[in-house]
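Single chain ahead, by itself, as C-alpha cells, in the form predicted on its own.
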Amino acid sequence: MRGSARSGAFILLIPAIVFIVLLFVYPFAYGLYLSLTTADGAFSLGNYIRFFTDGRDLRTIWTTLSIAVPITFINVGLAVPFAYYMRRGVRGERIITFFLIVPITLGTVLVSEGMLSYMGPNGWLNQLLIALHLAKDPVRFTHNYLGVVISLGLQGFPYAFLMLLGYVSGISPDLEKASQMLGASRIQTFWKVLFPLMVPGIAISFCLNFVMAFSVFPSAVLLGQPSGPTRVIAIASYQWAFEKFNFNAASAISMIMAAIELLVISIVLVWRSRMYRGVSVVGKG
C-alpha cells in the first residue's frame, strides 16, 4: 500500500516537474551554456570578460542597484507600519485594498503610460502645482531617475503590503495582550514581540520586491533615460540580444543579473535566520 501510494503521489507530481523543467530549469541551463560559449559553440569566458572590462556595461550594475535597493527598502519599510495598523481590519479596508490591487492588475506598461499622461510636463499634477503656486515651472517627474523609482513604488508597494498584511494578521493577538499585561508598552510590544515574528514575511517580501526592481525594464525605458542615467542591466542585456544580435553576451549579462539577485537574497535570508535564532534564544531564556 505504501509503495502504491508513493507511486501515485509521484505520478501527480509529474506535471509540476515537467512545468518547472520546461519553464525554469531548461531556460536557465541553456542560458548558462550560451554565456560560456561563442557563436560557434566553443567554450569561452569572453562574454563575461567583455562585460567586466566594458565600463559602460559595468556601470549598469551600480545604476540598477541604486534604483532597486532604495525603492525596495522604501516599499517594505512603508508596508510594515501599514500592515501593522491594518492587521485587525479598519474602516474602508475593501476600498483601500481595491486601490492597491489596481496597479498590479494594470501592469508596468499601463502604469508607466499613465504616469506619462498625468505626471508629465503638461499633466494634471504639474498643472495643479502651478495653479497652487507651489511651482513656477513644471516639475520633472518622468524621463529621469525619479520617474523609474515612482513607477517601481506603485508596483512594488502593493505586493509588499498585501504579503505582510496576510502574514501579520496570522500572528495571535494573545501575544500582544500577554506582552502588555506584563507591562510592555505598544512600542516595546511591536519591537520585542511582533517585529521578530514578522521577520520571515519581511525577508520574503524584501526578496521579491528586490528581484522585481532589479530586473526593471519597461519603467526604465518609458519613464527613464535608457541611454543615459537609467540604463539598467536589463537594458544592456536587451541591446546585446536584439540590437547587436549577440545572444551569448546577452546570456552572460543575464547570468550576472541572476548571480547578484541570489547574492542579495542570500544576505537577506542570513539576516532572517540570525533574527530568528535571536528570538529562539530569548524564548529559551
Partner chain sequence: MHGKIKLSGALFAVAIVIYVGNVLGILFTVILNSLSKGWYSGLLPKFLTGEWYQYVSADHDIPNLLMVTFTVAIVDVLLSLLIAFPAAYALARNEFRGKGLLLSLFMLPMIVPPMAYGIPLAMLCYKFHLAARITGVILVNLVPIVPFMILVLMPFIEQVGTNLESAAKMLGASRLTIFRKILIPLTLPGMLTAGILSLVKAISMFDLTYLVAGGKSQTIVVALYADAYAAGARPPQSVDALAVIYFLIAMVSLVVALKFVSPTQMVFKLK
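Numbering follows the first chain given and starts at 1. Quantities reported herein were computed from a predicted structural model and do not represent experimental measurements.
The discussion below concerns the form predicted in complex with its partner chain, not included here.
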Determine which one of 171-179, 190-198, 114-122, 132-140 lies within 4.5 Å of its partner chain in the predicted complex, judging by heavy atom distances; exactly one does. 114-122
Check 19, 101 and 217: does every one of them have a heavy atom within 4.5 Å of its partner chain in the predicted complex? yes
Are any of the heavy atoms in residue 43 no more than 4.5 Å from a heavy atom of its partner chain in the predicted complex? no
Look up in the predicted complex whether residue 242 has a non-hydrogen atom within 4.5 angstroms of its partner chain, and give yes or no. yes
Quick check on residue 73: any heavy atom within 4.5 Å of its partner chain in the predicted complex? no
Should residue 267 be counted as a contact of its partner chain in the predicted complex, where contact means heavy atoms within 4.5 Å? no
Give, in sequence order, every residue of 10-27 that has a heavy atom within 4.5 Å of its partner chain in the predicted complex, or say none if there are no such residues. 12, 13, 15, 16, 17, 19, 20, 23, 24, 25, 26, 27
